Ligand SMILES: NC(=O)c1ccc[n+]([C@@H]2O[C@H](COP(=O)([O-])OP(=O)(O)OC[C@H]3O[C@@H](n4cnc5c(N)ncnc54)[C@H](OP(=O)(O)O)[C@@H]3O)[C@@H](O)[C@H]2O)c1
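First comes one chain, alone, set out as structure tokens in the form predicted on its own.
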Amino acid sequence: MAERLATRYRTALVTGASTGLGRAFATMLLSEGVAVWGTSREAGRLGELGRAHPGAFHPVVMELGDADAVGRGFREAEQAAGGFDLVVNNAGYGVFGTFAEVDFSVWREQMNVMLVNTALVSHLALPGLKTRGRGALVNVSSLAAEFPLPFQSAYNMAKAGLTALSESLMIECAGTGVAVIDLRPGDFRTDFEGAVRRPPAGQGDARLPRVWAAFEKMMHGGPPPAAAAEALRQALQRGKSGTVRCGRFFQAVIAPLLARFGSLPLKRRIQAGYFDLD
């Protein structure tokens, strides 16, 4: 029988813990005996986890759009935890629209939250992890880093950037005892599409409604969030740096093989058919 994660990771920070994959990650870690500090923009959204796991789950209000707030929130949580053995950068959201027609401030905000300030959390977490000589940093990227989602350009850029950051940190953390995991989920039934920001109607590309319908269908047909949490649990048990893809079999296994061994034109044709872009 595999040992519980608490034997390796005593404390964890999970960003975006109130819903979706973040909530599933926090719930899994709590079930493994790990004390979790989970973040959300609003404390009330974390109440149910706190009530279900009194003394083990600790709510942290953190606005990832504000770098100063990220720094304060992280340091306060780290001090309360006595240091983190595990940090899971999960928080994020989608924006759906044509790149040129949506005001650039919308894309800038998304990149700031999902890449710049998420990288800041990694920057804040690594000194403590390296000092202890153990633990893990998990950056939740996406298969969108390999197969970009149509009309979600800043999401794709942010996730590709997180993947590049993780690859860089795997090199830097080699031999330190700290594992860096690039977790790339595909579609999961998280209501992610329900929280996607959609600019007002009237954008010029006639494909938008078809692509949105395909995106909703794709998300509704995905595995439950607990499947992603199980993939993370197994990766943390291994305690090694690397890339972990999870989701439906086609997304997690077949699609990456196509990306690696197929031609770019073939990959683009498959993606166009997948999202009804033809």
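Owing to the predicted nature of the structure, the values given are computational and were not obtained by experimental measurement. A residue's number is simply how far along the shown sequence it sits, counting from 1.
FYI, the form predicted together with the ligand isn't displayed, but the following is about it.
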Only one of 49 to 57, 206 to 214, 33 to 41, 236 to 244 sits within 4.5 Å of the ligand in the model of the complex by heavy atom distance, namely 33 to 41
Within 4.5 Å of the ligand in the model of the complex, do E63, G92 and F188 each have at least one heavy atom? yes
Of the options A81, M170, L126, V113, which one has a non-hydrogen atom that comes within 4.5 Å of the ligand in the model of the complex? V113
Would you please decide whether T11 lies within 4.5 angstroms of the ligand in the model of the complex, comparing each non-hydrogen atom pair? no
For S166, is any heavy atom within 4.5 Å of the ligand in the model of the complex, or not? no
Should L137 be counted as a contact of the ligand in the model of the complex, where contact means heavy atoms within 4.5 Å? no
Might A226 be said to contact the ligand in the model of the complex, defining contact as any heavy atom within 4.5 Å? no
Could you list which residues of 131 to 146 come within 4.5 Å of the ligand in the model of the complex, counting heavy atoms only? V140, S141, S142
